[in-house]
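One chain follows as structure tokens, the form predicted alone.
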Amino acid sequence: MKSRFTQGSNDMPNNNILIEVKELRTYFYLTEGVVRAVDGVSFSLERGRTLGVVGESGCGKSVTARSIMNMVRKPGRTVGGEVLYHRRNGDDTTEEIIDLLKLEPMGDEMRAIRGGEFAMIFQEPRASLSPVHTIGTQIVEAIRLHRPMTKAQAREHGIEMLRRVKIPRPEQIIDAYPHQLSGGMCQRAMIALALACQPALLIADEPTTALDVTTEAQILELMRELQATFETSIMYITHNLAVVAEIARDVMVMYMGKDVEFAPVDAIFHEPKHPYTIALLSSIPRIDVERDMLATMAGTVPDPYALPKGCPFHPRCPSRLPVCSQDIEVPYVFFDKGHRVRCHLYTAK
């Protein structure tokens, strides 16, 4: 069932990869048709680095995250690809590579990884936290599920985690219910819950969307501090390109289930290649450019039940070529420093 092997210290690969996603495909089989929510996504994430994932709503960002966590619910199903977790042992001399998609979603090993080694922060904390249990009860349960601690030890650890996320009076707040806390405090509690077991990977799915800008800045600073402390890799999903510029080292741009561009953050902002990335960046307000109105992107996101043939962005693309509408897979084109793009503009040259 499990695709894995162990590498000795002399055979350790010359990289610092935590997870590799290869040709990931997750489809939803509905009465109206098949939705290819994730359709051939490939990327890797190094230890201690932050990957920003951007794109319009419905482009597959959250489904990609749930696929990595092996928690896609019916009628969705991951139908292809690999999610390889490079797990190191305590002294970093051996590495075990596990294909997470070959583990049973609710099996003991996957549940041990999910929460213990991988954690996820959701967009709306009040919908993720139980309204009938205290913050402390939920944190203690997560800690004891993945760490050999007594209830008293787990409670003390939970208080310490609440203190780390800058929640005042953590000794009292740990016994509070979610409805007794503000939105920002609930989000901090969610971060404390996610980081309680010091996961290797933290997936943050638009964690600051519902927060005001002051609280958002505090949450971003908090995540940077905790990443430096625990050396956690972060996959940060957002619509906000300003947040990506501030927190991410690499960026993946998604459109209709495909990774259309992947590059270091500086390359994305200063040398974008894909017309979709260029359009997203053009829509950002700038104080150094005078214009009567904000730039907008032509057209709308296509119907997921009837995607256009060829490149899914071509009906909206101002630079489209005749080949873009042909029913062929758009190949990757590679540039320097890990920059790649799926676009016929570069294959046609």
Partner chain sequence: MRTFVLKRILQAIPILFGISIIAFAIIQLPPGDYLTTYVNNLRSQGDVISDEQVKALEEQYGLNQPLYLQYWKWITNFVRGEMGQSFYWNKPVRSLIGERIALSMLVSLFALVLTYAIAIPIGLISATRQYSFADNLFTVLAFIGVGLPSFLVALVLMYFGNRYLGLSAGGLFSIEYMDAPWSLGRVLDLLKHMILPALIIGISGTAGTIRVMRATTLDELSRPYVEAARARGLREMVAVLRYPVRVALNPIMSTIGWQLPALVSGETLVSMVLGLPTCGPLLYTALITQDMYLAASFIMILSTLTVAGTLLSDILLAWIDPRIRFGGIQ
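Positions refer to the first chain, counted from 1. Because the structure is predicted, anything quoted here is derived from the model rather than measured.
Beyond what is shown, the protein has a form predicted together with its partner chain; the following relates to that form.
Under a 4.5 angstroms non-hydrogen atom cutoff, its partner chain in the predicted complex has residue 142 among its neighbouring residues. Although the partner is absent here, residue 131 lies within 4.5 Å of its partner chain in the predicted complex, judged by heavy atoms. Contact check for residue 177: a heavy atom falls within 4.5 Å of its partner chain in the predicted complex. Though the partner is left out of this view, residue 227 does not reach within 4.5 Å of its partner chain in the predicted complex, counting heavy atoms only. None of 149, 71, 79, 278 but one reaches within 4.5 angstroms of its partner chain in the predicted complex through a heavy atom, and that residue is 71.
Only one of 223, 193, 100, 204 comes within 4.5 Å of its partner chain in the predicted complex through a heavy atom, and that residue is 193. Residues 111, 114, 115, 118, 120, 122, 127, 128, 129, 130, 131, 132, 133 are the ones in 110 to 136 with at least one heavy atom within 4.5 Å of its partner chain in the predicted complex, listed in sequence order.
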